[in-house]
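This document starts with one chain, in the form predicted on its own, laid out as structure tokens.
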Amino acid sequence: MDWKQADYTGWGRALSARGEVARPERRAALTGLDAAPAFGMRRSYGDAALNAGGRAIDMTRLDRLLGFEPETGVLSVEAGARIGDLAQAFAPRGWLPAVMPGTGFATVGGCIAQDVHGKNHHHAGSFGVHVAEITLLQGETEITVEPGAPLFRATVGGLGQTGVIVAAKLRMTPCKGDVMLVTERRARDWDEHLAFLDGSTATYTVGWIDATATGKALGRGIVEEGETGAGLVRRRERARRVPMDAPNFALSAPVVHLFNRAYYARVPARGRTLVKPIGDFFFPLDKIHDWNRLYGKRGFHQFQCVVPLAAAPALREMLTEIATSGLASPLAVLKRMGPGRAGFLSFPMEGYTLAVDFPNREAARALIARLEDRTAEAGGRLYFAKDALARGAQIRAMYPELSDWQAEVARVDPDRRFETDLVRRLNLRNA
């Protein structure tokens, strides 16, 4: 297996790396490679998948289904398999991945390494809660890890620092079919938005928030509630591509404000119920391949935090600063989270999570730094899958089980063969 020099980025394109990358075609080829961090589709926004100046393993070809038990719903699969492909293949058979992030391009290995969450976190917890077994490659040795072991908790949400995730067994969840019955409601302001999220009894719930609205309209948006269903529905439209990097004015404040007003108004004041293909509900942005190019050559950053329920007023203050900054993009999401998490460094806590995209500009980076400080003051956390700018001192207070993770990682990788740019930037492995 040859190592080839490559330039690559995270999804935000604001950070990049140059180094040697190997792309094995078969699992057997992994054991002949030097130990190195692995990545999948690189849908983490910052530098979680980057190893500048070092080596990395591209796992995207290792995407085979290894077995399925219809009696239990347990799926054995290689780490490079994409979540959207699993949903498309198994929903017609009455099964879905139990937790799915906002893009179907995320791989199983990436979902484990970030312990991702989805639109059902308030009921189902994080991705790792539904992982029955992980196969890790450490050097030339494959080992299996099960829930309850410290190594399992260090691997789930552990940023790939315990070895290369080769395969996993996932507990799928039953579904009624491959369509979604979706109810959309306008939330007129912040208080109503939170009330809708708090009161939702739907299996899947998510809020789009207008991050440009101010005054009495602060926090307005659209709350979507979804349930799986069966029946005829139009096939998902073919994905389109962004052919070039957009100019800077494409996401200027006036353009974003007008877009958000129109997007909010598209849902009738009385609300509505729609039938959608599963992919349109779970992975709406996947309909536009390379949508990250809309932010231009400089790329973008996403700020995502979660704060405890009692800190909702602090989150409202953050949104006020965002809305008055003139820097936000149309991509902003508000969700209610439950307590379910599976790893020492898993992001979720019971509370509210806010995610907002910003073009990569100096003013936006300064705003994100202030928002990160506010998150720390509110007793919240930042999400490693989205972060590109945080400082290590902030992170340590946000993740109280960091020392447990450090101890287990030091035990299995004392030579730091799996370190990445994010781990070094945040100084995560040093006590």
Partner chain sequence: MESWILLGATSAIARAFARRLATEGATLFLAGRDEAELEAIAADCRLRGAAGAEVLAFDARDPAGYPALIERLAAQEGVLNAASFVGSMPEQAAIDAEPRLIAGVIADSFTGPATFLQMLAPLLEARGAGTIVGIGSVAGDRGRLGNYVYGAAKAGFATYLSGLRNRCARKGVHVLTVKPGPVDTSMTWGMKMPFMTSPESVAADIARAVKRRRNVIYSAPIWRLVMTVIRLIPEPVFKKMSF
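Numbering follows the first chain given and starts at 1. Since the structure is predicted, the reported quantities are computational estimates derived from the model, not experimental observations.
Note that the form predicted in complex with its partner chain isn't included here; everything after this is about it.
query = Ok, 61, 396, 365, 391: which has a heavy atom sitting within 4.5 Å of its partner chain in the predicted complex?
reply = Only one listed residue qualifies here, and that residue is 61.
query = Are any of the heavy atoms in residue 21 no more than 4.5 Å from a heavy atom of its partner chain in the predicted complex?
reply = Yes.
task = Examine residue 85 and determine whether its closest non-hydrogen atom to its partner chain in the predicted complex is within 4.5 angstroms.
result = Looking in the predicted complex, residue contacts with its partner chain include residue 85, since a heavy atom lies within 4.5 Å.
message = Considering non-hydrogen atoms and a 4.5 Å limit, does its partner chain approach residue 370 in the predicted complex?
response = Looking in the predicted complex, residue contacts with its partner chain do not include residue 370, since no heavy atom lies within 4.5 Å.
query = Is the gap between residue 261 and its partner chain in the predicted complex 4.5 Å or less for some heavy atom pair?
reply = No, residue 261 stays farther than 4.5 Å from its partner chain in the predicted complex.
key: Which of 62-70, 44-52, 401-409, 371-379 sits within 4.5 Å of its partner chain in the predicted complex, heavy atom basis   = Contact-bearing stretch, as computed: 62-70.
message = For its partner chain, considered in the predicted complex: do all three of 321, 416 and 425 come within 4.5 Å of it, counting heavy atoms only?
response = Judged in the predicted complex, none of 321, 416 and 425 sits within 4.5 Å of its partner chain.
query = From first to last in sequence, which residues of 4-34 have any non-hydrogen atom within 4.5 angstroms of its partner chain in the predicted complex?
reply = Stretch hits, in order: 4, 21, 22, 23, 25, 26, 27.
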